[in-house]
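Shown below, as structure tokens, is a lone chain in the form predicted on its own; questions about how it binds or moves come after it.
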Amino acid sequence: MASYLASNQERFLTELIDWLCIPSVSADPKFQADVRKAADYLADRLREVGLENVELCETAGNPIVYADKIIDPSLPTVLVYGHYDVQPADPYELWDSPPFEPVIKDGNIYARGACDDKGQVYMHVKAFEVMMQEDGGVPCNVKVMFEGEEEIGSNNLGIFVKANKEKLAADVILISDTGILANDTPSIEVGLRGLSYHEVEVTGPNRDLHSGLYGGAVPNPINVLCKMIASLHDENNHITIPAFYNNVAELSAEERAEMAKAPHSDEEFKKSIGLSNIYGEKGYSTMERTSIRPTLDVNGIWGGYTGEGAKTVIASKAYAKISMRLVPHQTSDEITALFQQHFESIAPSGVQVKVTPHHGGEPVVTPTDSVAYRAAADAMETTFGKRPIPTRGGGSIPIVAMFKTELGLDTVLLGFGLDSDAIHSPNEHYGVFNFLKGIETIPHFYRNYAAAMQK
């Protein structure tokens, strides 16, 4: 396996770069044709490596790329999930190189989607090729399902899954959309936070007003919105929404002590993002704040005049996008209702508040005693030379909980990214080491899993 990977790694990288050139931004309608082009590219590569029944499954939005390789119905089946859509690249001016003109420098591939999730999806495509060429095929049945709407909430994926349960029947789901602690410290995420995402609108006067003629006599929606947002945390950075913490699962002292064994340095953490001090909920460590505790963050805020020069107005409206990361046993429906009720209740007289919920997702914890998890851990130990550490991730992959509900399947989160890869940010990148290490590791997972399931 190593010899085939070594002799073909430059081609693998070139193919990934060609795919990254396609701006498959699902959030912006002007890129709709490019999203489909990226799906077509992926389907072509799946056919080339020997997968069968490759098709673009149409949805009300972007297509889902499906393929399979059923070698024996009596053997176990792995369903691989990923996404080929990417986040918007804005602001373009903060990129050191154009986001859709990939470059490799300092051992990293710089491009939008390099890590999230095109680079990690393409590891699977090339891992299939390696197994076909070196092993004569995959050791168990494989199905793949790659969607084009993950970055906008996977609105059509649930509909597709519910309508295609037989087509998607499997024994376990494998996803590479997460990361490891470090290149010398492998890890497997066994927990993900949920999500509740909203847009809020505050309306004051019926038009923009001259700030000299009206300032001090009318409510300024931007000022009001800022005060409302500021009130959502107290002096200890606890979230002030009533009943917000009612169902939060509290880890025991022993569980927190196990988490603390994972290597982490607050000094390196601060240095990596240019901060002079850490910040967060009182009573919890940095690693706990980013994994086992819920959060509330403003993801965008705007209103009034933001162009060149000065325009002295009191805006009629102000807006913000606010997200909350959730932990077991919170639910997105519960938190969405609590947020909407609270935010409307704290609005002062003289303004109107509108809360528009967007997408949400549920928190999950995946088992560490399953055959599939052990197969993944053994695979990483083989290629990294170290046993991976089970960790809780801070991000959200809402479809993991949906897969459990609809298909009855647990998921293994076999990701290879790093926190420093700047996903969702300018200068997103993915290590060449990580890309190739994923291609090397994934075939070991299949061998381990197939062997263990046949015992």
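Computed from a predicted structure; not experimentally measured. For every residue, the number given is its place in the sequence shown, counted from 1.
Unshown form predicted in complex with another copy of the chain; subsequent notes refer to it.
Mark T312 yes when one of its heavy atoms lies within 4.5 Å of a heavy atom of another copy of the chain in the predicted bound form, and no otherwise.
Judged by the heavy-atom cut-off of 4.5 Å, T312 is in contact with another copy of the chain in the predicted bound form.
Is P91 close enough to another copy of the chain in the predicted bound form to count, meaning some heavy atom within 4.5 Å?
Because a heavy atom of P91 falls inside 4.5 Å of another copy of the chain in the predicted bound form, the answer is yes.
If you check in the predicted bound form, is K118 within 4.5 Å of another copy of the chain, heavy atoms only?
Judged by the heavy-atom cut-off of 4.5 Å, K118 is well away from another copy of the chain in the predicted bound form.
Heavy atom to heavy atom, is S276 within 4.5 Å of another copy of the chain in the predicted bound form?
Judged by the heavy-atom cut-off of 4.5 Å, S276 is in contact with another copy of the chain in the predicted bound form.
Listed residue that, although another copy of the chain is not shown, lies within 4.5 Å of it in the predicted bound form (heavy atoms), from I222, A170, L181, M132
By the 4.5 Å heavy-atom cutoff, the listed residue in contact is I222.
Answer with one of P205, G158, P76, G191: the residue that has a non-hydrogen atom within 4.5 Å of another copy of the chain in the predicted bound form.
Only one option qualifies, and that one is P205.
Quick one: which of 333 to 341, 376 to 384, 346 to 354, 137 to 145 gets within 4.5 Å of another copy of the chain in the predicted bound form, going by heavy atoms?
Looking at the other structure, the answer is 346 to 354.
Q9, P23 and H124 - do all three of these have some heavy atom no more than 4.5 Å from another copy of the chain in the predicted bound form?
Spot residues vs another copy of the chain: no contact at all.
From first to last in sequence, which residues of 204 to 221 have any non-hydrogen atom within 4.5 angstroms of another copy of the chain in the predicted bound form?
Read in sequence order, the residues that approach another copy of the chain (within 4.5 Å, in the predicted bound form) are G204, P205, N206, R207, D208, L209, H210, S211, G212, L213, Y214, G215, G216, A217, V218, P219, N220.
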